[in-house]
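First, one chain by itself in structure tokens, the form predicted on its own.
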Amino acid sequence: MDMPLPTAMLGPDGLSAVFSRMRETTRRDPHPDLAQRTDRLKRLRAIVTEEAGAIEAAISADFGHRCVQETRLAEAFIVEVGISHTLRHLKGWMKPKRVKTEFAFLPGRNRLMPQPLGLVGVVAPWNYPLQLTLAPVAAALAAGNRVMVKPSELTPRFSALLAELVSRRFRDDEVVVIEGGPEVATAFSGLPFDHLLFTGSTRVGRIVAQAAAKNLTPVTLELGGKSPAIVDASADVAVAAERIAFAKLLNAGQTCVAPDYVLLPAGHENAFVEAYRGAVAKLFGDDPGNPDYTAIVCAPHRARQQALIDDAVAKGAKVVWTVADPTRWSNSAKFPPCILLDTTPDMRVRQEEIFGPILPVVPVQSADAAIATVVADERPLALYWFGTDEAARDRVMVETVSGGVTVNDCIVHLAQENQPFGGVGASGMGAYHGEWGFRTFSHLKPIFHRPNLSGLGFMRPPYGKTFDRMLAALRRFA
């Protein structure tokens, strides 16, 4: 095994050297068998299960404070469940699939053979650095690929730890972690991978897609957007507020599928605000020192939250804090949760993905208006609907387009391994999780087997009456 290059010091030439080495190994061993893939997945899972304490400490240090239970639930648990699900089903996923053969080509037969793409690149974000790095890596390994990973520079302690842990358990021709800043990420995205998965903002996603397009590299983009929570007239407002509060403030709102704003019938604002404030008080209390509440990852991101509020207030919005004295939080790495009322479409908070604990509550006059509000914006990564009116629910499902939906709760659709997870339009393209991840990182090669006895021989020159009779017969069965 070659000695790995010190990834934190890689320049463009070093990055290309790592890529070339892994590409060459991929070509020598293009189709790892079930035993090899299973072994790699178990080694990946061991990183999560055996190094939990170090991982939790590194992520918390990067954030300034990250609630340990959130790391365990929303990161480690999701990865462990995903890998366990994959291990149970991988043998079946790898088998060639029978495909129907049209009458004209019988007794031939069709098969689809899943084949590894080769060398996959994964560009991971900072907000869930463990889950959003290792979940796509697991899918790529299950499909038989080698993987190069570029974690976020905003979580440097975790990135360095991950590089160390991966180097202990994987050969440098199986999985490699590349550390570095934006310039490294730019060079990484420009490598001619066989597939590239990027998780992050829509703005950066466009840049990554452009870089990949130069090599005709297929991409999966897991982005974000303004995911609405629609509280129908048939909903229990208190229940909806409680569930929205948990989902909104998980990771202090730094979640791609967090509810970004709430649409509810006009006149229900006060009931929702009071229920939401009560739910937040129950979840996190009033103390910035509460260990259950996570910090904003860095000072610029905290400043951006305040800038969103300042812009909204300057344009007429009203802030409702869920804490008694927000000034107590001024010297904290955390940002106090709040609701914004009387927002308008020209405010930044209504235009940009918030990615923090600010929740605009927008009253609408009808279900038509709620749907129109969602449809007028870019297609979101997630949509949440609360209520008991099935006809109203089904109408929203049909008339809006989003990456995924949870009904009468938030976020939970993301954890379903038997369903794909991904965006649509500006919120992303492609999907993974479960078998969809296996398919994303596989080439489903169509194979036609022709037997010796076949009518195809009559369809060749020299053409004559036999050809005409055969073609006429086949058309009758088409």
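For every residue, the number given is its place in the sequence shown, counted from 1. Please read these numbers as outputs of a predicted model, since none were measured by experiment.
FYI, the form predicted in complex with a small molecule isn't displayed, but the following is about it.
Participant: So, in the predicted complex, is Asn408 in contact with the small molecule at a 4.5 angstroms heavy atom limit?
Facilitator: No - in the predicted complex, heavy atoms of Asn408 and the small molecule never come within 4.5 Å of each other.
Participant: Can you check whether Glu353 is within 4.5 Å of the small molecule in the predicted complex, heavy atom basis?
Facilitator: Answer yes; at least one heavy atom of Glu353 falls within 4.5 Å of the small molecule in the predicted complex.
Participant: Consider Thr186 of the chain shown here, and say whether it contacts the small molecule in the predicted complex, taking contact as heavy atoms within 4.5 Å.
Facilitator: It does: once the small molecule is placed as it appears in the predicted complex, Thr186 has a heavy atom within 4.5 Å of it.
Participant: In the predicted complex, does Thr220 have a heavy atom within 4.5 Å of the small molecule?
Facilitator: Thr220: no contact with the small molecule in the predicted complex.
Participant: Please pick out the stretch from 80-88, 167-175, 394-402, 119-127 that is in contact with the small molecule in the predicted complex, where contact means heavy atoms within 4.5 Å.
Facilitator: Contact criterion met by 119-127 only.
Participant: Can you pick out, from Glu153, Asp342, Asp286, Glu269, the residue that has a heavy atom within 4.5 Å of the small molecule in the predicted complex?
Facilitator: Of the listed residues, the single hit is Glu153.
Participant: Identify which of Cys298, Val319, Met94, Val204 has a heavy atom within 4.5 Å of the small molecule in the predicted complex; exactly one of them does.
Facilitator: Selected option: Val204.
Participant: Verify the flagged residues Ala229, Pro259 and Val374 against the small molecule in the predicted complex: is each one within 4.5 Å by a non-hydrogen atom?
Facilitator: No, none of Ala229, Pro259 and Val374 comes within 4.5 Å of the small molecule in the predicted complex.
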